[in-house]
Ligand code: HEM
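In the form predicted on its own, a lone chain appears below as structure tokens.
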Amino acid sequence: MGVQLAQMLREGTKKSHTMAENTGFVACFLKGTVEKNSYRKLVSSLYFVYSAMEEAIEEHRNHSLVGKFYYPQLFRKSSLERDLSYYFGPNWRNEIEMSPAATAYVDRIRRLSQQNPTMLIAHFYTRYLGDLSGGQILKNIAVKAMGLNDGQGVAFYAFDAIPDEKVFKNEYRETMNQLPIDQATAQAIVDEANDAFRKNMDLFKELEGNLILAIGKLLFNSLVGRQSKAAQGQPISAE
């Protein structure tokens, strides 16, 4: 009792958060360069990830710890389905497939669901609170960059069932801080959250090839701030 998990997660994943923002795909996105083919591939990967997460939440909704995070208003599967219908058409289910990174991500979630459900809390934190925190900014960038209208193609970022996102996030963090867990379990959740960030970075890195083909290598390197050595595959920053 008394473990401040929310603070531990915030502090313990800062480096991973920065690294994720510095991946080429995200760096270009944040600077307003969003290529539609790459983006729709990301949406399809996220569909498989959220389907697995929400299947796990449903399965463990009565779990003493995981069940405390049963918030259907956060669920993204149906909104991702709307986006996939927009990008791929009504036959979208036959148009998408799991990429290698999405497969690894989904496998991890399913393994935890079977063997160590408490660690799913790390994945809920990484994705859902991240969506709430940066969703509106990313939505606005995507709409402008891809010339979208009337909210089409960005349903993923719309949390219509959450009227006040700040209040909700505070409630969510307080739920984390009230969990009856010890320090070792909390640290294990932080470690799993860092792995979740790595899984997300793998999703982003898969998309870089498509993005470079669309916008050109010079523009890509310019947007992500890479010098020639970095463009040749050397580290962008120290670990």
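One rule holds for the numbers: they count along the sequence shown, beginning at 1. It should be emphasised that the depicted structure is a prediction, and the values quoted were computed from it without experimental measurement.
There is another form of this protein, the form predicted together with the named molecule, and it is not shown here; the text below is about that form.
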Practice task
Although the named molecule is absent from this view, report whether L30 comes within 4.5 Å of it in the model of the complex, heavy atoms only.
Solution key: yes
Exercise for the section: Answer with yes or no whether K77 is in contact with the named molecule in the model of the complex, where contact means some heavy atom within 4.5 Å. Expected result: no
Problem - Residue contact check: N200 to the named molecule in the model of the complex, 4.5 Å heavy atom - result: yes
Practice task
Spell out, yes or no, whether the shortest heavy atom distance between V26 and the named molecule in the model of the complex is within 4.5 Å.
Solution key: yes
Exercise for the section: Would you confirm whether the three residues R10, S133 and K169 all fall within 4.5 Å of the named molecule in the model of the complex, going by non-hydrogen atoms? Expected result: yes
Problem - Contact residue in the model of the complex, from V154, I96, L112, L138 (heavy atom within 4.5 Å of the named molecule) - result: L138
Completion exercise
Students should find that, of A142, A101, L129, M119, the residue having a non-hydrogen atom no more than 4.5 angstroms from the named molecule in the model of the complex is L129
Problem - Partner-proximal stretch of 69-77, 146-154, 121-129, 86-94 relative to the named molecule in the model of the complex, 4.5 angstroms, heavy atom - result: 121-129
Practice task
Determine the residues of 66-94 with a heavy atom within 4.5 Å of the named molecule in the model of the complex and present them in sequence order; the list may be empty.
Solution key: none
